[in-house]
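Encoded as C-alpha cells, the following chain is the form predicted on its own, with no partner shown.
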C-alpha cells in the first residue's frame, strides 16, 4: 500500500485479507468519524423527533385517527432522517480523496462499502428503531403496535441505508449531488415505506402482518447481497 494511504489510516497488510476484516475496518472507521461529529448526529435525531412529535398537533385528537396515521408518519420521518444523512455516506471521503485511497487498498471494496453502509444504519436507523415505539405513544399506539412498528423499522431501515448507498455512489461528483441523490432515492424508498407502515395497519385491521414483514425481510436479503457490489462498481466508475 502506498504511504499516503497508510497515513490516512487505511489498513495495511497482505494483498489477501478476509472480507470480515475489511467490513470491520470500514464499520469502525465510519463510526469513529460519526461520533466525532456528534452535533450532526444530534441534529438528525432531533429532526426525527420533531417531525414525529409535531405532526399529532395538526391532527384531530381522536385516538382512532392518530393510531391510523401514526405508523405512516413515523415511517416518513425515518425516511427523511435517512435522506438527511445520505450525503455523509460517501461524499466527504470522495471530496478529500480518501475514497480513492480506499479503492486502491488491498481489501475488497464491496466489503469496505458494506462496513460504511452498516455504520450509516447504526447512526441513522438504529436510533429510529429504538425511539419509534416511544414516540408511538403520542399516536395512541398500544404496546403490540409499537413492537410491530419497531420490528418493521428494524427490517426496513437497513434497506434504506443500502439503497441510499447505491444512489450516493452513483451521484458522486455530480453537480448538486445531494439533491440529485434524494430525488433518485425517494422512488426506491416508496415500497419500503408502504410495506413498513402497512404491517401496523394490517394488524390494526385484524389481518396478519406477516406478509409485510416477509417482504421487508426478502428486500433486506436482496439489498444486502446486491447493494455493496453495485455501490462498489459505481464508486470505481466515479473515480475513473
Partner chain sequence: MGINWFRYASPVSFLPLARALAPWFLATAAVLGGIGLWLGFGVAPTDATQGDAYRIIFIHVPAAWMAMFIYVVMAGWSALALGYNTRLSAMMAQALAPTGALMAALALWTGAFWGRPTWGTYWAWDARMSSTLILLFLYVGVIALRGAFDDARRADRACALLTLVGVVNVPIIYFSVRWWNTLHQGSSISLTAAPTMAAIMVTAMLVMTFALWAYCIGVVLWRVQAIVAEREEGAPWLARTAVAR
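All values derive from a computational prediction rather than experimental measurement. Positions refer to the first chain, counted from 1.
The next section is about a form of this same protein that is not shown, the form predicted together with the partner chain.
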Picking from 119, 85, 170, 150, the single residue whose non-hydrogen atoms come within 4.5 angstroms of the partner chain in the predicted complex is 170
Residue 135: heavy atom within 4.5 Å of the partner chain in the predicted complex? no
Wondering, does residue 23 line up within 4.5 Å of the partner chain in the predicted complex on heavy atoms? no
Whether residue 45 contacts the partner chain in the predicted complex should be assessed with a 4.5 Å heavy atom distance threshold; does it? no
Could you tell me if residue 54 has a non-hydrogen atom within 4.5 Å of the partner chain in the predicted complex? no
Counting only non-hydrogen atoms, choose the one of 162-170, 121-129, 75-83, 142-150 that falls within 4.5 Å of the partner chain in the predicted complex. 162-170
Does anything in 213-238 come within 4.5 Å of the partner chain in the predicted complex by heavy atoms, and if so which residues, in order? 215, 222, 230, 233, 234, 236, 237, 238
